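Only one chain is given next, in structure tokens, and it is the form predicted on its own.
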């Protein structure tokens, strides 16, 4: 198992390097001049050239890229072109907001989607099953920003139960977490239902019922445990999607997280901030995928034996 973890960590380093090179190349090919954007259109060419030299933009492409990577390996991501503050401080100030939002959204989606999917599978074609499937389809098809605006109008402006914007307290994350978890909740509900229906019809489940095992024990110990692998996969994949795709929700609720910082930096061609933000998201997503693979081993001993052999 330890060798497998080390191998995955080595692969993660290669993935981060590959993504960083692609992002750096894209930022270099996009139109616009960072120095010109900072100084404004009224700046003369001499002023632009002087600022480019200060920022290191006059150096060749590969020189700038390798300088950034060497600095990142030392924990120094440089300074923001716009604020002239250390990029690491900018990321640390925004990343907890995005991570908290993504974590709450995934917890809510899991705690609601998985039990609803199990109940729908047990009571197939019942009223509960039909209502849950229609609701899941509605959540999956409703755009997140539309749902966010509806929640703001209903629970923030009219009922005044939660704040409409900001990230001052935990209550401020309730509406954004519900909005962000809606799509994942729908996916988990349908995935849990389909996998549970396959497991329920298995021979060992019928054998357990014939031996007189209680229905609750059959569902929790035999059915749900054997149906968890695809569910855990969806949770791991959607966590990365939620982590990187929260920019719309952050804009609607004015949270000021990492997604908002990333979009603003892309518009202003603030390459150090964009690179650091993408690398942070990539590392977090890779660690979540590694955790999902390790959870496989605890759920299914057969997977653990494959890791050990590998």
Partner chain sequence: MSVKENSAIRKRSQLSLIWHRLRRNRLAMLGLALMSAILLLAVFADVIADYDTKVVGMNMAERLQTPSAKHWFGTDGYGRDVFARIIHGSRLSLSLSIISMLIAVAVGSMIGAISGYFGGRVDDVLMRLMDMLLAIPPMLMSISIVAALGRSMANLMLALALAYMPVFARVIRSSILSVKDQEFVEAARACGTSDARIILRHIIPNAVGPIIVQATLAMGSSILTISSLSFMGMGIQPPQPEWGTMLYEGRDLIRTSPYLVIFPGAAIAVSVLSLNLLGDGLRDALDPRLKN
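Positions refer to the first chain, counted from 1. Keep in mind that this is a model prediction, so the values were computed, not measured. Just so we're on the same page, rigid core means the largest C-alpha set that superposes within 1.5 Å between forms.
The following text describes the form predicted together with its partner chain, which does not appear among the structures shown.
Put simply, residue 145 is close to its partner chain in the model of the complex: some heavy atom of it is within 4.5 Å. Although the partner is absent here, residue 295 is not a contact residue: none of its heavy atoms lies within 4.5 angstroms of its partner chain in the model of the complex. Its partner chain in the model of the complex comes within 4.5 Å of no heavy atom belonging to residue 70. By the criterion of a heavy atom within 4.5 Å, residue 19 is counted among the residues contacting its partner chain in the model of the complex.
Residue in contact with its partner chain in the model of the complex (any heavy atom within 4.5 Å), chosen from 200, 137, 128, 100: 137. Every residue of the trio 23, 248 and 251 has some heavy atom no more than 4.5 Å from its partner chain in the model of the complex. Between 78 to 86, 173 to 181, 114 to 122, 156 to 164, the stretch whose residues reach within 4.5 angstroms of its partner chain in the model of the complex through a non-hydrogen atom is 156 to 164. Contacts of stretch 164 to 187 with its partner chain in the model of the complex, defined by any heavy atom lying within 4.5 Å, are made by none of its residues.
For residue 264, the Cα coordinates differ by 2 angstroms or more between this form and the one not shown after the core has been superposed.
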